[in-house]
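Next up: the same protein chain in two forms, each one alone, written as structure tokens (structure 1, then structure 2).
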Structure 1
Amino acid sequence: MSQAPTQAAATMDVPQELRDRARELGWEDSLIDQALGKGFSLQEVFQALQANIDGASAKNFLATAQPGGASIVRPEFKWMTVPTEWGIRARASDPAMGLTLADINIGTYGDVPDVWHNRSEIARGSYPKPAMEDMGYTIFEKAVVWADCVVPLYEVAVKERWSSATDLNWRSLEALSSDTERAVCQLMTELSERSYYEGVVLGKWLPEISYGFHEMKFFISTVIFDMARHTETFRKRALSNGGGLGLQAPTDYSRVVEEARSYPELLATLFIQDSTLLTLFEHGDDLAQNQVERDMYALCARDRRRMMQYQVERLKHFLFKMPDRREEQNFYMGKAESRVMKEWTDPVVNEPLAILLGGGRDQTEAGMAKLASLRQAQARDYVENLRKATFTRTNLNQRLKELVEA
């Protein structure tokens, strides 16, 4: 299949040793000129000869080569015949919500297996290639991470997103007494740190969870974003009204969270913080010194409520599927409760709350009485959330027990 060389090829000086080597390999005399005419360089021709490409192979290759050196790829369209479920027409079941994750979980695409075996980042429902690289996931059991509520909660989280920069009226802030402002700023310092750290820890675990449970991963991504938003919101409050950041919060509890060696341990450890902070935010009107803070606590409570719903439903599902791991959860929660109770007695934690609840530093005694009521509500809500998850603590921390029974 001879082809006349282009003008560029005709004028190119081809070393005689290249032509001699080509003849030795059975190349037709015109093949080098054809290669140069199609855009291949002398270096590429030299490499082909060095690789002992015979004349027949070189001729067949050049017959399908395009100008510029690119070979013609004859389409096979094999990707059009993979045996995935076809003919899907997802429709929004609720026009107000639009097309949701629940709406596209149709047929086999909505099947979430108890164990996800594929270690790659294959999209659930797509057809797997024969061999793909392991992407490093370590969590493949649905019972460890799953709760059915993650599907609607993700949609709600996206729909209820808010911005501290524009959804809080910072300009409305008015000066507070020095002691009250210091109490607010100390509380904001603590809450900002706790939100930041929870988001960081959840972010570390997200890559461990296999792609087969993508709805759960999507929801946890919204929680991580919520924690980031809470972090900057509390920080903004500390720096927006003549105050500043206070003393670093205690880190005993955070240390227990950091030491979690499995996702069930992490969630068991976080359960008490997620519950008690939700209760704190739901009592935000008692703590707030102005409308900005009332709105701030209400928005944060709404976000925390979603996380708590996931916590409850995940633990319930986990215990139903793996009942032999109940005592393990007791152990984790016992460690977390002891650290939280220790921090509740720390002056850095309770004195700012007493000032805010009492209405000033000179009303600290009344504030401590109100703080005791708040702690009681937090303890009772925590136990109630565990009950909703079908979990009864066999060795509830003694201080917590006293608060619940008071």
Structure 2
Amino acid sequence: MSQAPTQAAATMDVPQELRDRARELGWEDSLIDQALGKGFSLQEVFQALQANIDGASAKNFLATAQPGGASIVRPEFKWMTVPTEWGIRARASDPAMGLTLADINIGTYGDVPDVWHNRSEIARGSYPKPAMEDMGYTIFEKAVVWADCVVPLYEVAVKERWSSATDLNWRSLEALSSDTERAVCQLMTELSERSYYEGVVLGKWLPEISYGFHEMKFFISTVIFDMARHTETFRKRALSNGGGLGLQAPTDYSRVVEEARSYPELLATLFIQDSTLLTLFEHGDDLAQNQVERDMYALCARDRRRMMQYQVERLKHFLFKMPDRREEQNFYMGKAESRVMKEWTDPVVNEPLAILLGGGRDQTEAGMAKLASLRQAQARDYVENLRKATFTRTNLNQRLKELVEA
């Protein structure tokens, strides 16, 4: 310590751990007291022990050293004077939202660089060590992951948290006809699996993204948690009203997502699911057989809307910053669209929806007609979301095109 050592140090109790450690290192028993008597602080003694200074070296050092002089263990509080921006006093700009990420993005701390160069784990705006290990991140370009909306959306997501265990009135569930209950359960089985997989795949990509863009990682963390909640909410609904889990979800589409080789490809392939599931949930009142389901779809839609906003703004930002990658996106979207269209012809995907929309197994014809309009709404919303992101598909899937134009 560079301050004058206190007399108190000389008389203070020396913790037994320090004495034991000194003995292990071969220090003479009186050496610690000698050091304190000479005016060294307990901290300096501790650091010498931490540095594994052996008994002979310590004795040697003490014979000549003066407190306050050069020392191999003398702390300098170097971290107190590193040249980072100082004097930041962030305040909540909106009392209802509290102290948000946007509020602390002030001064240089708010600069999100186009390219982040630090390969270690470092907080944006802190003072880097001269050398650190590479943590293995692979994504360093802002254009690939960023959308300005992640900063406010993170806080909105935290504020809009809910619990399936207590925010849905499970006790109000009443028995449905067996076919209708099984239709609900088949849909829940599919949605639960799709949610779980999306949470997993986003989680898998999280460690790839460097920390220059931490707000984006925070936002994706909220989406992953949303996906967990959707997984268990749908499962709870399937197991709480006399039904059970049905056939697992189709895998054609999810495999396309899994096969993504880059983050832009991942998001391009997820775009159609993020959009079509949002539309589905927004039509929750047509599907719901009771209040629990209406509330469930409304809450899930609110979560999904945040992800969709990110999808749209990220794609728009990406295409603006990297126009040479615009055409390329057609490959990924084409692949994803074709698999979703295949899954939309699967009877295990369609029939439960038709029963629920029609109002019973004996109403499937009416249900199929309503499903056709739902599919049309999903297709139109998808194309509209792409349009908002400034993207027009050059080779939109034929079946989707028919739905949009019908």
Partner chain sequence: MAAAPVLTEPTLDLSWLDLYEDPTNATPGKKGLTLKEINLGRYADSARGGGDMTYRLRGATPRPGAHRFGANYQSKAEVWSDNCLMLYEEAVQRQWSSARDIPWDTLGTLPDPMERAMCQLSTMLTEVEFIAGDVPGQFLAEVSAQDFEVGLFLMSQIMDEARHTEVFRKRALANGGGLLAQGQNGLRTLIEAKNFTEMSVLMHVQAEGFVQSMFRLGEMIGHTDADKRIFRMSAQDESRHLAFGVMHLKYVLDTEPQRREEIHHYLDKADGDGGGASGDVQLQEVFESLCILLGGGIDKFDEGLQKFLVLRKRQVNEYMHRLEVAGLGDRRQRVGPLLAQFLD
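What you are looking at is a predicted structure, and each value in this text was computed from that prediction instead of being measured. Basically, rigid core = biggest C-alpha set you can superpose within 1.5 Å across the two forms. Sequence positions of structure 1, starting at 1, serve as the residue numbers.
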Between structures 1 and 2, the form predicted in complex with its partner chain is number 2
Core superposition between structures 1 and 2, C-alpha change of residue 384 at least 2 Å: no
Does the distance between the two CA positions of residue 19 reach 2 Å or more between structures 1 and 2, the core being superposed? yes
Once the core is aligned, does residue 373 move its Cα by at least 2 Å between structures 1 and 2? no
For residue 40, what C-alpha shift in Å results between structures 1 and 2 following superposition on the rigid core? 18.5
